[in-house]
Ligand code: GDP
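Single chain ahead, written as structure tokens, the form predicted alone.
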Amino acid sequence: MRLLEYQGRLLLKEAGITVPEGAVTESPEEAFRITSEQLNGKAVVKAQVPVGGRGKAGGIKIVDSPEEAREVSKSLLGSELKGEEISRLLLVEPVNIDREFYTSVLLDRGTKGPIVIFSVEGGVDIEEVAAETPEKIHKVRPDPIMGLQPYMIRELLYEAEIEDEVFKGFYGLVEKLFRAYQEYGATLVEINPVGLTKGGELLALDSKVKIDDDSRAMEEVKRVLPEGEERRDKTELERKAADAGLQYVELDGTIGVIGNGAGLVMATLDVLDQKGGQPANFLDVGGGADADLMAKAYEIVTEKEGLNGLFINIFGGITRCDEIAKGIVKALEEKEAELPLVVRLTGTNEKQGRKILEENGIHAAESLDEGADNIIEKSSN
């Protein structure tokens, strides 16, 4: 479950983390009223969509009057941002910030445990900081059972050279963030940026929260969120896949992935990641997928912008490899694409499936490792 920013703010606030004054609206007139009555006439208007990079894409605007808030809201509501329709806006009070920081707690798949990250570089993509100035990224790995110990927080902040006058505030912030991660069954709780005012106050200026749908803590999450509120945590492609009966989760990488069976797809993502590839999605066509469903899966995965390649990994049990091959051919006939494609087929009717692919100029890899190596090579050219 991927929360929108305003929902994540509610969880952070419940955890004792300070957020700027703000309110959510679905109407320009309400935006006028909120800015006038609650935010002293000025506001930051933020589109509430489940995608990153909203500021660069024009989804965050600073307004200096209630009238401007109304006009900006008119232009944003109903429009699209990175393929997502904007139906809600978060209006927050502008804050004078002296410095910006980054902090998060996330589930590290490599160690199968939590990792706490802190950086003195906030307000930008953490990937950019890691690539350009890795010395500014500081991490600790709490024990999954014992949790985050006080000495770990101190070491984290000492390494970041946090000044004495704000050390206590940052200590409390990291402690509360980790508690929220645990109590809400999160896989990611991120604040970027953490704003430090000249008066020494720390504010969560933006949030990104992802919750494990199967967590026992989901009831606690529902308690904090407004009663009866519709979950708006899926992207347009995720909704489209759900309507087609497909299990699809959008990720941030550039290599599309289609497989059958959740375990096989997860293994495919892991192998790609270990070899330096960046998966763009999780898509499970399920057992017994036919040619039509396979073609639909291809259509959905390749609609994502920024793809550099597609890897289809099928183990035929109930699913027949020849049906998968027919679906791939059908999809390629219906949708022209210059996207590099690598297919791995093994199992039921494997020979027939390979023959269909080869007759259409598609070579099938022999193994998962071979297929992963091939798509990474092709997608990087």
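Remember, predicted model here, so these are calculated numbers, not experimental data. Don't overthink the numbering: it's just position in the shown sequence, from 1.
Not on display, but discussed next: the form predicted together with the ligand.
> Residues in which of 49-57, 344-352, 324-332, 30-38 have heavy atoms within 4.5 Å of the ligand in the model of the complex?
Of the options, only 49-57 has residues within 4.5 Å of the partner.
> Could you spot which one of I115, A131, V95, M266 gets a heavy atom to within 4.5 Å of the ligand in the model of the complex?
None of the others qualify; the residue that does is V95.
> Among the candidate residues N281, N192, S73, S119, which is the single one with a non-hydrogen atom no more than 4.5 Å from the ligand in the model of the complex?
Flagged contact: N192.
> Answer yes if any heavy atom of E100 is within 4.5 Å of a heavy atom of the ligand in the model of the complex; otherwise answer no.
It does: once the ligand is placed as it appears in the model of the complex, E100 has a heavy atom within 4.5 Å of it.
> I86: heavy atom within 4.5 Å of the ligand in the model of the complex?
Judged by the heavy-atom cut-off of 4.5 Å, I86 is well away from the ligand in the model of the complex.
> Mark V44 yes when one of its heavy atoms lies within 4.5 Å of a heavy atom of the ligand in the model of the complex, and no otherwise.
Yes - in the model of the complex, heavy atoms of V44 and the ligand come within 4.5 Å of each other.
> Flag G261 as yes or no: does it have a non-hydrogen atom within 4.5 angstroms of any non-hydrogen atom of the ligand in the model of the complex?
Looking in the model of the complex, residue contacts with the ligand do not include G261, since no heavy atom lies within 4.5 Å.
> Even though the chain is shown alone, can you say which residues of 149-179 have a heavy atom within 4.5 Å of the ligand in the model of the complex?
Residues within 4.5 Å: none.
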